[in-house]
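Next up is one chain by itself, shown in structure tokens, the form predicted on its own.
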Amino acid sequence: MKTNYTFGLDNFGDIPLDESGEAVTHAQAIRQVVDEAILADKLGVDIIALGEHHREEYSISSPEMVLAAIASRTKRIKLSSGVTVLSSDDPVRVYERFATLDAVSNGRAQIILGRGSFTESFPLFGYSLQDYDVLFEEKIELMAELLKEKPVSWSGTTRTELADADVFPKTESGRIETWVGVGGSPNSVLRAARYGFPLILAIIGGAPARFAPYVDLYKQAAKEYGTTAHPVGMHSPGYIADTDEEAMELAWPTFKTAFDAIGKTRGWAPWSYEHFKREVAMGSLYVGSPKTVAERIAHAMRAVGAERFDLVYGFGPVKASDRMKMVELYGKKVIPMVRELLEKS
């Protein structure tokens, strides 16, 4: 039986640079993402996934709004969050927004639920980090019920209870495709299996093969819970250029800037070039020519057991023109080569 591999592009709304090397405005950055998604749609990329952040260095705080703009100018590409920070949102509103997106896009909406890579949304929307675990646990439970598109009765400690509440609009298919994004917590893997959600692994460092046990855990847990073990996806950062040398030269300063900025909030040491090279050679950075990136993606998908791969492109301060070229190389060259390599294995 032929495996149905899917390939997407992830963008967190990083602020790109213009041709003079100056950062563009937040508004320009959002329009840039729309243009990139239009190109991805034309090239046959399966999914565009947009992250939710509430920080100065990112332009997208409302993925579904940008996805709606993309919906109006594309035909087939799936429109996904990457991720929706459910802990600091309201599941009813999340359902309503994505059901609306599903309507205007003719059924192309997709949600990836997660805790998010930062915590600034908690104080911003009036939530306490002391409730970090219970917020996600209760809200994903409610979200699972809402996705059935039937009247919901629910009670918990994090929001007002619902009594036979019906939520609108309903989707034409009867359900919004919804995944759970996991960064490496076994409990999160078990939770995805318990509610029967497909799993996507955020792999941003180290050898991809170390995540294979999570796929095994997911499948075994789904079996024990009596739910469906869906195909598993993975997402990782990358940089594609015409040659390996060009990709390395362009990617290094952008990745260092991005990872060092994240590291300041998490206690990471500043990135060294040696660490960067190790991640490119053996870890989870997909940097190089289309052929090199395709070979590494195919190898990683086999090692993890993934049937979906989303490339995080435009990570850090990348020129807007280089981002467009990455989208073009990914759609025209990388994806066809990865498919061919996987079908041979």
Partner chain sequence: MAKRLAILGAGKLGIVLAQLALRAGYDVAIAASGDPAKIDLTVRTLAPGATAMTATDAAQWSDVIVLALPLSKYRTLPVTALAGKFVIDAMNYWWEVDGEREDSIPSDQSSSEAVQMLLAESTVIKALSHMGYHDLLDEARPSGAEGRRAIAVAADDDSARASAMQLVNDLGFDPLDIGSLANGRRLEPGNPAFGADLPLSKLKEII
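Positions refer to the first chain, counted from 1. If you're wondering where the values come from, they're calculated on a predicted model, not measured in any experiment.
From this point on, the text means the form predicted in complex with its partner chain, which you will not see here.
- Contact check for Thr119, Asp133 and Gly205: all three have a heavy atom within 4.5 Å of its partner chain in the model of the complex.
- At the 4.5 Å threshold, heavy atoms of Thr227 stay clear of its partner chain in the model of the complex, well away from it.
- Proximity of Pro253 to its partner chain in the model of the complex falls outside the 4.5 Å heavy atom cutoff.
- Although the partner is absent from this view, Phe211 contacts its partner chain in the model of the complex, with a non-hydrogen atom inside 4.5 angstroms.
- In the model of the complex, its partner chain lies farther than 4.5 Å from every heavy atom of Asp164.
- Of the candidate stretches 73-81, 245-253, 268-276, 88-96, only 268-276 has residues with heavy atoms within 4.5 Å of its partner chain in the model of the complex.
- Checking Leu190, Ala258, Ala241, Leu146 against its partner chain in the model of the complex, a heavy atom within 4.5 Å turns up for just one residue: Leu190.
- Here is the short version: of Pro169, Gly107, Pro186, Pro231, the single residue with a heavy atom within 4.5 Å of its partner chain in the model of the complex is Pro186.
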